[in-house]
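Only one chain is shown below, in structure tokens, and it's the form predicted alone.
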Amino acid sequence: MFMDWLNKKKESIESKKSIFNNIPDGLWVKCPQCNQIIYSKDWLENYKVCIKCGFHSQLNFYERIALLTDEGSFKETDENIISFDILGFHDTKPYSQRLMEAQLETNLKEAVITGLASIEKIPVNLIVMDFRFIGGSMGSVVGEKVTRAIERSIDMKLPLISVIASGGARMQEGLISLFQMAKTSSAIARLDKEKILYICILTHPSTAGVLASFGSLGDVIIAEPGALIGFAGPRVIEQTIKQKLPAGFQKAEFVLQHGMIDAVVERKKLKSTVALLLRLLWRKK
């Protein structure tokens, strides 16, 4: 009798296995943080935020535009500026090959996209970074496009919104990439002198040279929950200072407590929050 029960139990388990094995690819998503299995439709409708633990997964450029701007309002600027291998750099593969692969994989020409749009019918100028493109790294073209966007805000008297997602400067361009920190920072100083509103949105991750330049110079700086924010990563810092870092070090909530940013805002509230800030703080010149 026990064997009959065991066989039935085994058949039941195998039946359940076959059901899951027959699920089409892409129907379910596993949260990278808590491993919760989420129906893909629910995952996308919740803007790629885990319904169990609140983990905010990365969004690509197209998803950011859909999240933040009024439908159909985005018009890209400076779309034809592209990087090239000025140094003939080669690590595990040529830099020129990395650029070509990133362009094919992302359908983007660079790690940053700039353009004009509206947020709840308020005209704005946008800078949006996409981490998929060589880690959202800043090279000469990223620096140039960001600088042009800043100058466009000055010329058109438009508030500037940046969405940061970056691992820092692009090592394949050497010192040229580091120059972009000073270039973009000086452009922001001109923006500030003209009293044009600048809002930074820090997403995961917001680090290194981008954070140390235009990524941390906003009049208002807000971050998504759990975003890594810092110049160097926690592992590098621990190895350098030979000390254990506090729990949650460099997470958005930790950074907020220590006064570096102004607010941590859930993804689904980002658009309404930015729109509120624009209505409160911006008066067209």
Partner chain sequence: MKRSLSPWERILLARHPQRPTFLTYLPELFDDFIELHGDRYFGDDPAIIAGFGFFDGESVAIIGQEKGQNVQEKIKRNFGMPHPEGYRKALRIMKLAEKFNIPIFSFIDTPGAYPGIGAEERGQAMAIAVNLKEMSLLRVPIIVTVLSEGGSGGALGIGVGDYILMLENAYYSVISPEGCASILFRDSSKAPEAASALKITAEDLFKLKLIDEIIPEPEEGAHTNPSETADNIKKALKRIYKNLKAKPIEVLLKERYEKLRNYGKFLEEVRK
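Positions refer to the first chain, counted from 1. These numbers were taken from a predicted model, which means no experiment stands behind them.
This next part talks about the form predicted together with its partner chain, which is not shown.
Here the chain stands by itself, but in the predicted bound form one stretch of 164 to 172, 68 to 76, 120 to 128, 100 to 108, 164 to 172, has heavy atoms within 4.5 Å of its partner chain. The shortest heavy atom separation between residue 213 and its partner chain in the predicted bound form is within 4.5 Å. Residue 260 belongs to the set of residues with a heavy atom inside 4.5 Å of its partner chain in the predicted bound form. The closest non-hydrogen atom of residue 240 lies within 4.5 Å of its partner chain in the predicted bound form. Not displayed here, its partner chain is kept clear of residue 132 by more than 4.5 Å at the level of heavy atoms in the predicted bound form. For the candidate set 236, 37, 27, 34, a heavy atom within 4.5 Å of its partner chain in the predicted bound form is found for exactly one residue, namely 236. Counting a residue when any of its non-hydrogen atoms is within 4.5 Å of its partner chain in the predicted bound form, the hits in 177 to 206 run 177, 178, 179, 180, 181, 182, 183, 185, 186, 187, 188, 189, 190, 192, 193.
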